[in-house]
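Consider the single chain below, provided in structure tokens and representing the form predicted on its own.
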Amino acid sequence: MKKFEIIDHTADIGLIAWGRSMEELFANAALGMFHIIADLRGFESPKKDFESEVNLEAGDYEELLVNWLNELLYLFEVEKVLLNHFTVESVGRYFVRARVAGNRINPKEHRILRDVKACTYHQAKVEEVRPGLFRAQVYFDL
């Protein structure tokens, strides 16, 4: 099973993520977004110098996914970190609780590929394709 795939779009860029649970789906969507932002090859070092809890609430799964990805973008912008470890502890229809980790951006080591401004609600979708297989789709403003 693919964790995620990038969708070409005329002005923006999209992402389809897959997971065997909602928790795995949200983690794979986050990982996919950071692959859009930066070249993460060779970024699998177990040593992390940034870690944070993320607890969010929303009205439905689509809003929750968009809020989740925008919160991670906020951490990227404000804390200057590339996140690549997502432990999503629980996802309910109205909440997500997770721990995220990564490393502070070092321009000598990390190559930023795109300036992602925000995750949007445009065609945002979260669905259970079949029992035990979830799919999410989102688009990002560049």
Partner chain sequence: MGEEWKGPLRKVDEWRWLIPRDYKKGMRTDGLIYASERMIRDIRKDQAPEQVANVACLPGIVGKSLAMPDIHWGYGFPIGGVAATRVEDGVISPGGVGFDINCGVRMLVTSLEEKEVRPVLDRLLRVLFRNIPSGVGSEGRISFSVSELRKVMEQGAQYIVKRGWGLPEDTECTEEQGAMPGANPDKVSQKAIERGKDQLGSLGSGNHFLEIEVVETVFRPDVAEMFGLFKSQVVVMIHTGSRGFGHQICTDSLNVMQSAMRKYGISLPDRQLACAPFNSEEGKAYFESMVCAANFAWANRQLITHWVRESFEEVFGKSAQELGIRVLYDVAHNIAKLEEHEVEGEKAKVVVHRKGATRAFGPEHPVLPQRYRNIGQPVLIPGDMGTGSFVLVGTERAMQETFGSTCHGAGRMMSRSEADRRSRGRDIAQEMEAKGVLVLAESKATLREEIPEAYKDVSQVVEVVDRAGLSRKVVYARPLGVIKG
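Residue numbers count along the first chain shown, from 1. Keep in mind that what you see is a predicted model, and the values were worked out from it rather than measured.
We do not show the form predicted in complex with the partner chain, though everything after this point is about it.
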* Even though the partner chain is not shown here, does residue 22 get within 4.5 Å of it in the model of the complex, heavy atoms only? -> no
* 4.5 Å heavy atom contact, residue 13 to the partner chain in the model of the complex -> yes
* To do: Evaluate residue 88 for contact with the partner chain in the model of the complex, applying a 4.5 angstroms cut-off between non-hydrogen atoms, and reply yes or no.
  => no
* **Contact label in the model of the complex: residue 95 to the partner chain, heavy atom within 4.5 Å** => no
* Structure fact -> Of 110, 99, 117, 48, the only residue with a heavy atom within 4.5 Å of the partner chain in the model of the complex is 117
* in the model of the complex, which residues of 78-98 put a heavy atom within 4.5 Å of the partner chain? -> 78, 80
